Structures are given as C-alpha cells and as structure tokens.
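Only one chain is given next, in structure tokens, and it is the form predicted on its own.
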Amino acid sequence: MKHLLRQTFRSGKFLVGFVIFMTILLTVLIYPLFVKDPPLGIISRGTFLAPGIYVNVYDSMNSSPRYTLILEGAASRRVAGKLGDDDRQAMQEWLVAKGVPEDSIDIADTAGLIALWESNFDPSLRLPGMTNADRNYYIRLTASLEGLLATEDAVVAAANPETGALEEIGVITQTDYVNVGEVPNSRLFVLGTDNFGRDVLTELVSATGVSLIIGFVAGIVATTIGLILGLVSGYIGGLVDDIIVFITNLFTVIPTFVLLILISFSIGQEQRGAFTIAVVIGVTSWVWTTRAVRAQVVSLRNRDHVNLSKLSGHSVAYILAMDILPYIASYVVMALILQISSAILAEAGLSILGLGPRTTEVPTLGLMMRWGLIYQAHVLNYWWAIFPVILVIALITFSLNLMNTGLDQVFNPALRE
C-alpha cells in the first residue's frame, strides 16, 4: 500500500490536481470557522457592490486622528470616480436629444459640461425613447455631481439640543484622510456583493461546499449502481447479462441531461433539496460505468484464480468481492472521480435552467450563476458575480480530471513512462 501511494504521488499530474482540489476543500472547511456570516444573509441594500473596502461614512467623518495628505491628482481622480467617460457620453446624448447643439458640448471640459447640464437637465422631462431606468440613472448622476468641483472645506454641523439651531462642530478639508484600519466600522468585500446584496465570497465558499457534497453523493450513487450492475452482468452472463445490457443500452439512447431535466421538473421546486438533486443525478449517470465495469469483469471471469475460487465452492458474492473487485479497484476509483466532476457540472446546468435545488435554503455554484444571469451581471459588467463561480467550477473539474489522468498513468501499464 505504501509503495502504491508513493507511486501515485510521484505522478506530477495527480499531485497538481490533488493540491488544487485540497486547497479548495480546505478553504470550504476553514473559511466558516473565521467568517460566521450566513451565506444567504443580505448585508447590503444596494446590489452588485464592487469588490473593495467599505467604510462607514458617519464613523469616518468623526474618526480621529485625521491625516493631511497632499496627493497629486487627487481632485482629478475624485472627479473621474464620480463622472466617468460613460457618464459624460450619456450626458451628451441627453443634451443632444433635448436640442442642445452637439458642437457646443465638450465632454472633456468638466466644468463646462456640468454647467451645461445644470442649466438644461429637467428630471420631469420625458425624452423620446427614455425609460424609467434611464430617468433614474440621470437623477442619480445629477445628485452625484453636486459639489463635485467645490474647492472649499465641508462644514459639519449638528442641531443644538436647546435652541434647535445648527452649530458648527467640525470642518473637513479636501486634504483630510483617515486610516481605514482606525475607522470603527469597515468591511472588506473581496468579491463584492451579488444582486441580493449578499457577500459573494461567503456565498461562493458555501456554494462550493454544497456543490462538492452534491458531486460526492451523486458520484457514489452512480459508481455504486454501475459497479454492482457491471459486476453481476459481466460475471453471471446469460439472461441476467442480456437484461442488464438491454437496460443499459436503453438508457444510453436517452440523453442523460434530458432525463435529468424531466425528472427534476416532475419532482417540483419544494421537494428539490440538494441531496435529492444529488441522488437524481447519480441515478441517471451510472450507464457508462456499468458498461466499462462489465467489460473489465468479462476479461477477468475466466482467469485461473477465479476458476480456482469456483472449484473451492466460494459463493458468487465472495468471488466478486475478493477475486475480481481488487483487480478493477483502481478503475472504480477513477470512475468515481469522473462521476464527481460530471455531477458538479450537471448540477450547474440544472440550476442555470431553474431546475436545481431550492433557492431559499443553500446556495450552489449553479444557483449563483443563475442569479447572476437573471440579473444581467454579464451584460452590466459585474464580473465578480459570475467569473469567480466559473473559475471555481473550472478549477474543481480541472483538478479532478488531472487526478484521474495521473491515476491512469500509475495503474495503466501502457501509459507508464
């Protein structure tokens, strides 16, 4: 056994795949120990917050100490952050649609563009082709332009509890900065938030764990069914073999994914838990394992050690378990790895179609992709809602297939170097 393990981990492909897979698995196990937030807990009223550090405005305003930094280009960066190229182009389109001559609009002149906008923009005006979403966008844009080019300090005032009049309690200059680490309330969103205002990283880690569980359960179910049917069919032969081969061929003709869709749809949304979906995937994915195991058993059933076991009076179950299974154990392990990988991809496909596990209980990688697609994250360039999910699915399947290829090189004499 030690020699076998040593040989396995000497395979470069298996080792790389194993390291990638274990890194993902350890992240899934360790992350919840430090971040105990519920994966589906809504922590933001806004949707698709970009990745970054978010600081409480109220606490940062009163934060102490305050630092004075003279950063070159800070004002221009502030303007660019609130008035980007797309915003300038949108303002020009609105002004032209209203009747302002296009040659009088210089989108590179920030002060002139803002002055022109403030003198012409009317939130109640309905221009041809403008939707409610467009109107709300222009209103938000107008609000963000207020005081954008101001050079004077900002005065912080509070109401006097006795007189009710506002009194100055502080002044914030444009060169005032605070250290994020010294602000009492701040939160790092490594991958931003999704369409529901949930932390994508926390959701992604939980979804990866659930998808791995689905993959393992489905893989074990499919491999077990395929192994039992393949062993019985290949060893016993005769009528039993004909019946199993007929059923296998019947399922081979029917596309597995179509069968998955039909069964998942017939179960209904309320009954589709993660475990149920895993079992359904496993029950529909045993066909190729059965065919492969049967072919291996047919080549082994007339070996000398098997005939000797027959002459010794051993039962069929004993012969299958002790004389045949050890010879195909490595192949069964490789089949299990491929089944796990296929099950994760199958769950993702079902969830994208809306036929995956219930959306109110636990997230899966497929469900996260579905939510991102429904809310047009790919269209609006909110990459953090979809790309990390695709990357994790790719890494899982890539690592499992690398492990399978490495094992094949170890156990297949024709592929050994």
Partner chain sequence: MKGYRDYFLRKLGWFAITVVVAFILNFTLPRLMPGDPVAAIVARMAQGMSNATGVQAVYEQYTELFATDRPIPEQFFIYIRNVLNGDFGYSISQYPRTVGEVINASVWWTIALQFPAIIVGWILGNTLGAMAAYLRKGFDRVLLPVSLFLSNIPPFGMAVILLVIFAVNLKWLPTSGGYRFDMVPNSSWEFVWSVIVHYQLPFWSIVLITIGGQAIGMRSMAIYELNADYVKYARFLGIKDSKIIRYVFRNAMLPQITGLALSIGTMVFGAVVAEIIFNYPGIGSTMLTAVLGGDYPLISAATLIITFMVLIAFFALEIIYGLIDPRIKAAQSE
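Please read these numbers as outputs of a predicted model, since none were measured by experiment. Positions refer to the first chain, counted from 1.
The protein also exists as the form predicted in complex with its partner chain; that form is not presented, and the subsequent description refers to it.
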Would you point out which of 364-372, 50-58, 31-39, 66-74 contains residues with a non-hydrogen atom within 4.5 Å of its partner chain in the predicted complex? 364-372
Any chance Tyr318 has a heavy atom within 4.5 Å of its partner chain in the predicted complex? no
Touches its partner chain in the predicted complex: Ala159 (any heavy atom, 4.5 Å): no
Contact test in the predicted complex: Gly313 vs its partner chain, heavy atoms, 4.5 Å: no
Evaluate Val379 for contact with its partner chain in the predicted complex, applying a 4.5 angstroms cut-off between non-hydrogen atoms, and reply yes or no. yes
Does every residue of Val19, Met22 and Leu26 put a non-hydrogen atom within 4.5 angstroms of its partner chain in the predicted complex? no
Contact residue in the predicted complex, from Ala108, Val258, Val171, Ala150 (heavy atom within 4.5 Å of its partner chain): Val258
Of 387-406, which residues get within 4.5 Å of its partner chain in the predicted complex if you count heavy atoms? Phe387, Ile390, Ile393, Ala394, Thr397, Phe398, Asn401
